[in-house]
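The chain that follows stands alone, in the form predicted alone, written as structure tokens.
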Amino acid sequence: MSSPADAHLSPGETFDATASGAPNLTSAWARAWADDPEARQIYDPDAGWLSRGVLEARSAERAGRLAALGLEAGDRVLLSAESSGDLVTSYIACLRMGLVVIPTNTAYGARELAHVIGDARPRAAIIDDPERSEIVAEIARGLHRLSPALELPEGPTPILEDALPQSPALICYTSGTTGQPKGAVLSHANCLASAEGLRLAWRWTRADRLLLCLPLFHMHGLGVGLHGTLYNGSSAVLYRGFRPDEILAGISDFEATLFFGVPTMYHRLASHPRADALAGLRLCVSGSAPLPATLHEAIERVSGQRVLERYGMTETLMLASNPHSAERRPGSVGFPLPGVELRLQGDPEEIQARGANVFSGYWDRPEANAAAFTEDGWFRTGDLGAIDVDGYVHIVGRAKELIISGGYNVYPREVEDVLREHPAIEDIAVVGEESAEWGERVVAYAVTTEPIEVEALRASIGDRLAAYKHPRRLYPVTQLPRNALGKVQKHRLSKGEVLPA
């Protein structure tokens, strides 16, 4: 399934995954730096604007510091820090010298960090929190722990922009129903292809300015927001966290044209007394979780802004988008992006994808790779889809039991494994429950030997799981519904087909 001919491209345009002519991400970014080095590119909430020329010079200097530390092309670097100009500069430095970056959620606790570090075996970690740094030190004593500013001795600048198109740029951890996170390896070519598709589809130009409050450890903020900004030579205003007042004021304060968010953010913006300020933006994009049609309509009602919903995955970057210059249909993710092919296979019908943006496999997971791709090379998304009479793609469910809460992925098995350690829990099932604010919230159905309050259960989890994975409600039941093979029938839980304890 390809897009209708005019869905994303302007008249006379064609898609070429290698249109930049650059072999790697930073070669493509460097062209904008050289073209107008004085132009503002990244706004740091503490330090102010960083120009293109400053980003180029400082990232080259920091690459020298990393090389002096002994890091070489192909080495992995864990990145776990809040958004800042320093973080962006050091991230660029890593990619310029061919290092492979592992973006890691700042909410991860010791258990989650230990898995990522043990699996990817990074040589260094860029961390902005002393407590998290100490946790990492306990996990891997020989690991270099660095601040986002890379306060290290200077060294000669190594060879830069030397990565090949198929060289890994990122390893992004994403779980399956087993609850064991896997590292999706994204190459420079994957990232470039996705950036070029979005440039065409969203009419992204150097004149655009993005309000970027999405975290840079998440592919929505990093792989779409930051990469797109650098690829197109445009500019971005960084925020540490999401506060509606700041975003709505920033539209005029920074003369912004773009905002990317998750449905939880749009829910809060729609109910804000100054929501009409959204009308000042050229484009609002929503992703990472389904945008309810009612919320789409509410935003249009208060601001006139029709949010553009898109669809992507860690393993594929962006796959589909509502059109920029045609109907943005509520409840739909639009059409396949330029260079992307989608098809529906199986019963129920699963969305499968292929294109230059699709990764080649998981880090050190040959069995998972065999399961992730069809025999003819299509990636199995695990999402169930449908196509309406006009060709718009709709996500109708998930083959995998993934919960998306506030734009973050939560895998029930991982949460269940931790909850089962509670002495009063005999049986447990974790599912997503519809939430107007979060899209879905994590809830648990439990067979227990004694009453448990959800607050006490969350306290018992502590930092073994990030807070967004903690159950928000606990439903006591006499037993969990199971099929003849003993598998919990989670669809019956969401329909209330259980006996309360």
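One rule holds for the numbers: they count along the sequence shown, beginning at 1. On a predicted model such as this, the values are computed, not experimentally measured, just so you know.
As for the form predicted in complex with methylmalonyl-coenzyme A (MCA), it is not shown, yet the points below apply to it.
*Asks:* Pick the stretch from 130-138, 308-316, 145-153, 201-209 whose residues have a heavy atom within 4.5 Å of methylmalonyl-coenzyme A (MCA) in the predicted bound form.
*Replies:* Among the listed stretches, the partner-contacting one is 308-316.
*Asks:* Any of the heavy atoms of S288 lying within 4.5 Å of methylmalonyl-coenzyme A (MCA) in the predicted bound form?
*Replies:* Looking in the predicted bound form, residue contacts with methylmalonyl-coenzyme A (MCA) include S288, since a heavy atom lies within 4.5 Å.
*Asks:* Any chance R31 has a heavy atom within 4.5 Å of methylmalonyl-coenzyme A (MCA) in the predicted bound form?
*Replies:* Close contact is absent here: in the predicted bound form, R31 is far from methylmalonyl-coenzyme A (MCA), nothing within 4.5 Å, heavy atoms only.
*Asks:* Using 4.5 Å between non-hydrogen atoms, is F242 touching methylmalonyl-coenzyme A (MCA) in the predicted bound form?
*Replies:* Yes, F242 sits close enough to methylmalonyl-coenzyme A (MCA) in the predicted bound form that at least one of its heavy atoms falls within 4.5 Å.
*Asks:* Check H227 for me: does it contact methylmalonyl-coenzyme A (MCA) in the predicted bound form (non-hydrogen atoms, 4.5 angstroms)?
*Replies:* No, H227 stays farther than 4.5 Å from methylmalonyl-coenzyme A (MCA) in the predicted bound form.
*Asks:* methylmalonyl-coenzyme A (MCA) isn't shown here, but in the predicted bound form which of R274, R420, R413, R268 has a heavy atom within 4.5 Å of it?
*Replies:* Of the candidates R274, R420, R413, R268, R268 is the one lying within 4.5 Å of methylmalonyl-coenzyme A (MCA) in the predicted bound form.
*Asks:* Of C191, I299, V262, I251, which residue is found within 4.5 angstroms of methylmalonyl-coenzyme A (MCA) in the predicted bound form when only non-hydrogen atoms are counted?
*Replies:* Of the listed residues, the single hit is V262.
*Asks:* Which residues in 206-228 have a heavy atom within 4.5 Å of methylmalonyl-coenzyme A (MCA) in the predicted bound form?
*Replies:* Heavy-atom contacts within 4.5 Å come from L214, P215, H218, M219, H220.
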